[in-house]
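Coming up is one lone chain in structure tokens, specifically the form predicted alone.
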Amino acid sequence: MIDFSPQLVQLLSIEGERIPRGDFDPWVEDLDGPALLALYRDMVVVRRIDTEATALQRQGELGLWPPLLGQEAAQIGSARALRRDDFIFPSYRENAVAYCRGVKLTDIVKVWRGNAQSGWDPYTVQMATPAIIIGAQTLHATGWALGAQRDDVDSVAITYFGDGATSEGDVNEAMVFAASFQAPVVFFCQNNQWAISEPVGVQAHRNIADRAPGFGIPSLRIDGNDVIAVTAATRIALDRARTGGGPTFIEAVTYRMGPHTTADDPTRYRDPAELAEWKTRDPLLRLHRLLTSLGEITPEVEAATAALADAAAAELRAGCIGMPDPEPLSVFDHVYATPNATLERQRADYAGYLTSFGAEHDSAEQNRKA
């Protein structure tokens, strides 16, 4: 029997020691040394990708970037627990989840460079594109889950959001519908302690996981920097959903070690001592300690992992810088499923405006249509 009380579940200590827990251990029996090493490798690669994307923004190659530094375990552990037919509805920070789903690295940064209205085709990877409107994706996930329920399939929707999003009406409305119809959806809250510049304690005077039971949704509160606990909790929630148990709410307690986005300066509102304390709970560091004790970490493994991460960063950089600029009139593409007179009139007006600057815009549009 799973304990759904709001106590913090931790299966890997800060010191890298495995903590046994009878009700959760059966869900991660397969996470032996090689399996844990694969998770560690994922975490190293996505941290390197995140660092490279941040550098690209600082160098003017990206307009904005939402760093995930410190939240690797929450994203990798949950994403690797999913099946390919499960559908993901992320916010704007789940770049590690996108990596796990096989989204091309260039496509991850495409929208942040301003080259596309969205980065990838959701149906090829079963993952929606980033949701900028806070909390809106939870409604989309619940709707998709209701569709899966009516189609009589055991696919599950999972939606990611931060602690700040739990104050949005959309999240609460989604939980009402999910509970009412027992929709197969997992609400995955990454409580990274800061909703932009406001600490979580301003909006939540109790644990965020305490909110879901009020809607009739069982909740799990886990150490979000513990990839083993994250994997176990996600598997439990997915199993409940697949077997008709309805929605589950997971609060992954983690920490945003970087800025909210690259437009933010956390030094203006965050105590450096707080950051220093959370660095001791680094999800990569504690898993590295466990793997070392298991004999999985060797100089050769370290070198191969670093090389893999550097290769991913190089691919990201080359793809970003080499990305062709979109044609100006492509802004009108895919606005509606079918053309309409209003949109075509706007396109024609804008084409005339561009033509006033020179014939090259005319020829570019003709080439695009060809």
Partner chain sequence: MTPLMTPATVSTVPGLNAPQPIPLSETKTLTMGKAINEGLRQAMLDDPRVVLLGEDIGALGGVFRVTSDLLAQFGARRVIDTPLAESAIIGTAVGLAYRGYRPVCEIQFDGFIFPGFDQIVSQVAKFHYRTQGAVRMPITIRVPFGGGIGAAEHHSESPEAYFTHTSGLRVIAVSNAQDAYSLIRQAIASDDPVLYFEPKRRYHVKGEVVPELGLSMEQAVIVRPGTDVTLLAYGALVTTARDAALAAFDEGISIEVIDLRSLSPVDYAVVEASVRKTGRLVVTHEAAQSGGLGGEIIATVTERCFSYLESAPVRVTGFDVPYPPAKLESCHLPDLDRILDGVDRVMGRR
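Keep in mind it's a predicted model, so treat the numbers as computed, not measured. Note that the rigid core is defined as the largest set of C-alphas that superpose within 1.5 Å between two forms. Residue numbers count along the first chain shown, from 1.
The form predicted together with the partner chain exists for this protein as well; it is not shown, and the discussion that follows is about that form.
Stretch in contact in the predicted complex with the partner chain, which is absent here, among 101-109, 68-76, 140-148, 274-282 (heavy atoms within 4.5 Å): Among the candidates, contact is made by 140-148.
Partner proximity in the predicted complex: D152 to the partner chain, non-hydrogen atom cutoff 4.5 Å: Yes, D152 is a contact residue.
Proximity of S330 to the partner chain in the predicted complex, heavy atoms at 4.5 Å: Judged by the heavy-atom cut-off of 4.5 Å, S330 is in contact with the partner chain in the predicted complex.
Partner contact for F89 in the predicted complex: the partner chain, 4.5 angstroms, heavy atom: Close contact exists here: in the predicted complex, F89 approaches the partner chain to within 4.5 Å, heavy atoms only.
In the predicted complex, L343 touching the partner chain (heavy atom, 4.5 Å): Contact with the partner chain, yes.
Heavy atom within 4.5 Å of the partner chain in the predicted complex - qualifying residues of 120-134: Result: D121, P122, Y123, A128, T129, I132, I133, I134.
Residue shift check between the shown form and the other one, rigid core fit, G16 Cα at least 2 Å: The answer is no, as the C-alpha of G16 shifts between the shown form and the other one by less than 2 Å after core alignment.
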